[in-house]
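Only one chain is given next, in structure tokens, and it is the form predicted on its own.
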Amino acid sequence: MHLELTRVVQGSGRLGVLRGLSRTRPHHSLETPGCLLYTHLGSVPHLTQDTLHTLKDLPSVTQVTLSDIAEHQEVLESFKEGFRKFAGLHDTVLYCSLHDPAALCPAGYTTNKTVSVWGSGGRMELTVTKFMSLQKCTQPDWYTSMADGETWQVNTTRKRVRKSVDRTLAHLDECLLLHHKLPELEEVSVFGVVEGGDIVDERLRSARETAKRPVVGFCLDGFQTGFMEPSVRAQLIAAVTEELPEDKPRLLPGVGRPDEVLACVEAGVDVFEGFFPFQVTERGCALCFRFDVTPDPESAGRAPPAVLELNKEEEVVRNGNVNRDDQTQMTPFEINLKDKRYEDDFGPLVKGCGCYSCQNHQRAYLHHLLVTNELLAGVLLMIHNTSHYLGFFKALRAALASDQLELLKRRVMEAGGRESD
């Protein structure tokens, strides 16, 4: 795997194409900045495979998590042909992460030899041997090595952060040692995990040491939404990426809000997880923010999306008066379709959006589906939210290519404009 950079703008991010994603699927590539396809056990929540593939510009990399797979190890070992074939994922690159980015992971269960993951049956302890046996039966194209990521809590001591970095490097060395002994993983790539909490020296040490190992890319852990102030996160990521080789991708787990994605791209991040549309869907909300940067929107073949005036609930979110650890809270980039004001709103979710939901249904219908607990609500919202989010990343790459990132940032942060009658 290698990253072909087409443009690097100081303070404005990197534009490129990630090639060689899989030795068994050499035709696949991923444009960066880009996101992964978020799934539960290989299935995008609320969507069948047929419905999913009606969407345009789907990411070529599908994400699964060990927290889901660990409970099914015996079945996969009996199957013997890997998770991709088991789940019917025929033509995609498979990436396996340790934790589900859309689920909270309790702290306090990491030891020198184990990390814990949570599935539907509760907590499971993983040693390096157990972790690698799961990778062996999953047979992904990439995976992140086992890591101690529990340094995000407030008041974490320097000693604890140092121990986290030491453990993570030790886990990486053990993973690599076992990796090369397993023929099932011969074609599989490893991402090294960079830890270090909010301590610059430890972050830099972790980055330098990880870069010395034979890894294809880097997972910058511990920067998840709610774990760190955005300004501190951007400064730390910028410092870390200075220490990493330019031709290897930087993947950032747990960050999905559009404003945070933009800040992290400027700091040097290439790849994000695609869980944000799922979180928005689970709230009964629709993504509704602008990302058009053309002077004349009609010349781009679409009208600009309309964002309704923020209500009091959304103003609280915009002003930052919420617990950032609570991932159920609304963001300024979505509208709550459960709200009664959408009961007789017969407009599309977003004007000019070409997705199936916006072309065929109205806000009032989605409101009805949500208040009556119809399963179709999740389907239609997930179609729209996924389409809208992928459109945002496409606009982000176009803005980087045309020196319009500042304009895109202003568009994304705009809110309060009223929809025309």
Partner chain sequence: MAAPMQCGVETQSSESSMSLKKALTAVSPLTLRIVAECPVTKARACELALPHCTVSTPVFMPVGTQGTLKGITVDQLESLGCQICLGNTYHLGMRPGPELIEKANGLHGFMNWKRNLLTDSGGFQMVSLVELSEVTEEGVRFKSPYDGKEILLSPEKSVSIQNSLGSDIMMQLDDVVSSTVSGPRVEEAMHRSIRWLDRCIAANKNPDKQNLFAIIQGGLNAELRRACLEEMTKRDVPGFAIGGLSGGEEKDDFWRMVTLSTDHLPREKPRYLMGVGYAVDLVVCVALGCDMFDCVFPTRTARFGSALVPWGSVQVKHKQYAKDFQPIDPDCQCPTCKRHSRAYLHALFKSDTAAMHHITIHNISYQLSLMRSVRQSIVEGRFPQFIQTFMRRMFLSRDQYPSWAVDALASVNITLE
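Predicted model only: the values in this text are computed from it and were never measured. Numbering follows the first chain given and starts at 1.
One more form of this protein exists, namely the form predicted in complex with its partner chain; it is left out here, but the text below deals with it.
Looking at E74, E229, E187, E242, which is the one with a non-hydrogen atom within 4.5 Å of its partner chain in the predicted bound form? Comparing distances to its partner chain in the predicted bound form, the residue within 4.5 Å is E74.
So its partner chain isn't shown here. In the predicted bound form, which residue out of H90, R158, K212, H180 has a non-hydrogen atom within 4.5 Å of it?
Contact residue from the list: H90.
message: Can you work out whether D344 and its partner chain are in contact in the predicted bound form, taking contact to mean some heavy atom pair no more than 4.5 Å apart?
response: Contact with its partner chain, yes.
Worksheet item: With the partner left out of view, is E31 within 4.5 angstroms of its partner chain in the predicted bound form by any non-hydrogen atom?
Response: Looking in the predicted bound form, residue contacts with its partner chain do not include E31, since no heavy atom lies within 4.5 Å.
ask   = Does D57 make contact with its partner chain in the predicted bound form, using a 4.5 Å heavy atom cut-off?
value = Contact with its partner chain, no.
K394: touches its partner chain in the predicted bound form, heavy atom cutoff 4.5 angstroms:
No, K394 sits far enough from its partner chain in the predicted bound form that none of its heavy atoms falls within 4.5 Å.
Can we say W152, F191 and S402 each have a non-hydrogen atom within 4.5 Å of its partner chain in the predicted bound form? Result no, not one residue of the spot touches its partner chain.
query = Even though the chain is shown alone, can you say which residues of 108-137 have a heavy atom within 4.5 Å of its partner chain in the predicted bound form?
reply = Residue within 4.5 Å: S120, and no other.
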